[in-house]
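Below, in structure tokens: the form predicted alone, a single chain.
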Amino acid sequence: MTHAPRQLAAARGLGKFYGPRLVFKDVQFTLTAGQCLLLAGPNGAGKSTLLKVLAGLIPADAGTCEVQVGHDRLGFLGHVTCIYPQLSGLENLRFWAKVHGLPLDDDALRQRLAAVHLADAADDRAGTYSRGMAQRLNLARVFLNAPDLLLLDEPGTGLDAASSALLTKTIRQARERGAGVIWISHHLERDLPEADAVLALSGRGAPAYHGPASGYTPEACTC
């Protein structure tokens, strides 16, 4: 008997205001295990706000939001890196491993840093890292506990071509083990092939598009 994929997150009629200004309304989607939903739309359309609602960081003003994983199984990457500049890369991962209760020794953590091409900078203070290095450390932090649901706000920011390819590979691996991904991207040409569905916010209320990634064309969207 075939079982339906596990539902990880769902939004029904979700709406958000900032004061009198409508950010978005009537947002609806369902994300199941192994799926990737790409969030598209212009700056200010509410993509980051939607991700924060899903992460439980801010409340919605309308509709319902259901996230079926605990906070310890959710990986959130926002615009704030959540790394400590006075600590080394290794010390940052050591701290987050303790937060998640992960029994990872320094050798295992160094392997995680090597996986994001930071082996040679593991003992350097994170405050000395370039933007791309800091983003790679942040990605190592997010993937540290193999979360079931990944909420990624422009994870490719500051990454060169090799690091972007590494990010794509890591997301594919996460999906293969059953993780769901909601991914804000401003590089649709590059990232669209990785998505199952697209939710395009218009910046004027209701979404401009929600459907299969194969049917989405930015030119046809009135975002």
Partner chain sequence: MLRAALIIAHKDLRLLVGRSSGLVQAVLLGLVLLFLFSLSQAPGQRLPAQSAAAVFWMASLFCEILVVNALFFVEESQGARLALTLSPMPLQAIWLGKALASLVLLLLAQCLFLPASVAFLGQSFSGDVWPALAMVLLADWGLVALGALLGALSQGQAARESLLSVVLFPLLLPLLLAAVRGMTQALGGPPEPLENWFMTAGAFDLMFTAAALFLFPYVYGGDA
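Take the two forms, superpose them, and find the largest set of C-alpha atoms that agree within 1.5 Å; that set is the rigid core. Positions refer to the first chain, counted from 1. Since we're looking at a predicted model, the values are computed, not measured.
One more form of this protein should be noted, the form predicted in complex with the partner chain, which is absent from this view; the next part is about it.
Residue 55 is the only one of 37, 167, 174, 55 with a heavy atom lying within 4.5 Å of the partner chain in the predicted complex. When contacts are defined as a non-hydrogen atom within 4.5 Å, none of 187, 210 and 214 contacts the partner chain in the predicted complex. Heavy atoms of residue 82 reach within 4.5 Å of the partner chain in the predicted complex, making it an interface residue. Shown alone here, residue 74 lies within 4.5 Å of the partner chain in the predicted complex, counting heavy atoms only. The shortest heavy atom separation between residue 119 and the partner chain in the predicted complex exceeds 4.5 Å.
With a 4.5 Å cutoff on heavy atoms, residue 101 counts as touching the partner chain in the predicted complex. Taking a 4.5 Å heavy atom cutoff to the partner chain in the predicted complex, the one contacting residue in 136-163 is 141. The Cα shift for residue 81 between this form and the one not shown, taken after rigid core superposition, is 2 angstroms or larger.
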